[in-house]
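Only one chain is given next, in structure tokens, and it is the form predicted alone.
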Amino acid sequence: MALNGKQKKLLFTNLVRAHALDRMMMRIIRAGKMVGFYHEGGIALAPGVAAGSFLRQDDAMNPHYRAHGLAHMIGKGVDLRTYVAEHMGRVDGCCKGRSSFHVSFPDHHIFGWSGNIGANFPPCIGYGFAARYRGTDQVVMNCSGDGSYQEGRAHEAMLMSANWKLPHIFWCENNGISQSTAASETFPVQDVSRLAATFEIPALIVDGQDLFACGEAALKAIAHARAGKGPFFVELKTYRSQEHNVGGLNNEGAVTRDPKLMQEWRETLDPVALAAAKLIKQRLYTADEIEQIKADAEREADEIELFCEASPKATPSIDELMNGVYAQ
């Protein structure tokens, strides 16, 4: 589905915001202000931005853990101040500083996610079944990396979703490496989306560095699922130009990945720069307007950081912790 100018501007603004927030999160963790850990987004933010920018408020979403879902949730209107505060262990965090990033925003139909890779598939099937059972036209955007499709739960989810024609979008952000294991070592085929053909699920392969191609794929997948035609699979080919998580090894197997190649990717495959060049060429924005969007995004990130810094550190009692876990 072709994007109009308004949609392109929305995607670009959200991508620039996601990039600024990703940089802010890197500042926080490097300064020792984050209580947990962080998986940098880097140049792999375009798929997440596209996944969330065209969903309705009542559409369910499982964000991918890359950049801890910040790019995915921007389009859903989540109060990211509380999410960042949660990472910093502050009382104004969305879980009062107790969870790091294992959180949920039920008002936005984001019901949390697990550190267990592939754990997202069964609940997302449940969300899709609930939508179909109630007769609504809600869709489920299930975002995960290529590594999660090594899980049996992914295959079970595709089978059930296809069999019941659930409004389920399998959004596979394929960066070619699962922590330190290359996809070529775990898949006998180059394209993960070929798995969808087994269940007669229609699929697309998209350049994950092309923000607007990602957006077009999202619109097509959402329209397909919302029309009651069943699941849709989108594979977005992207790149991880840094280690899996901050402070970890940037290895492929036992070998360090080539730092020169990582730098080349960052210089030539930056989705912000690629999208900006297209917008200027299409005369949708001037260079000055793009710089203003970037400045606004940096200001937003700074304000979020200041909000979190001003929030007191969480020191929950045992009773408070128990109240947060068990129903009474």
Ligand SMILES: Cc1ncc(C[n+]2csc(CCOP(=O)(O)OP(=O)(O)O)c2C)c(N)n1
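All residue numbers are counted from 1 along the displayed sequence. Please read all numbers here as calculations on a predicted model, not as lab measurements.
The protein also exists as the form predicted together with the ligand; that form is not presented, and the subsequent description refers to it.
Chemist: Looking at the partner-bound form in the predicted bound form, is Ser241 within 4.5 Å of the ligand by any heavy atom?
Modeler: No, Ser241 is distant from the partner.
Chemist: Just checking whether His68 would be counted as a contact of the ligand in the predicted bound form - the rule being heavy atoms within 4.5 angstroms.
Modeler: No, His68 sits far enough from the ligand in the predicted bound form that none of its heavy atoms falls within 4.5 Å.
Chemist: Is the gap between Ser104 and the ligand in the predicted bound form 4.5 Å or less for some heavy atom pair?
Modeler: Looking in the predicted bound form, residue contacts with the ligand do not include Ser104, since no heavy atom lies within 4.5 Å.
Chemist: My question is simply whether Asn175 lines the interface with the ligand in the predicted bound form - judged by any non-hydrogen atom within 4.5 Å.
Modeler: Within the cut-off, so yes.
Chemist: If the cut-off is 4.5 angstroms on heavy atoms, which of these, Asp146, Asp92, Glu216, Asp210, is the one near the ligand in the predicted bound form?
Modeler: Selected option: Asp146.
Chemist: Note which of Ile205, Ile117, Val246, Ala223 lies within 4.5 Å of the ligand in the predicted bound form, where distance is taken over heavy atoms; exactly one does.
Modeler: The option sitting close enough to the partner is Ile117.
Chemist: Okay, which stretch from 126-134, 229-237, 192-200, 109-117 lines the ligand in the predicted bound form, with non-hydrogen atoms inside 4.5 Å?
Modeler: Single hit among the candidates: 109-117.
Chemist: For the three residues Asp22, Arg81 and Ser100, which mark the spot I'm curious about, does each lie within 4.5 Å of the ligand in the predicted bound form through at least one heavy atom?
Modeler: No residue of the spot touches the ligand in the predicted bound form.
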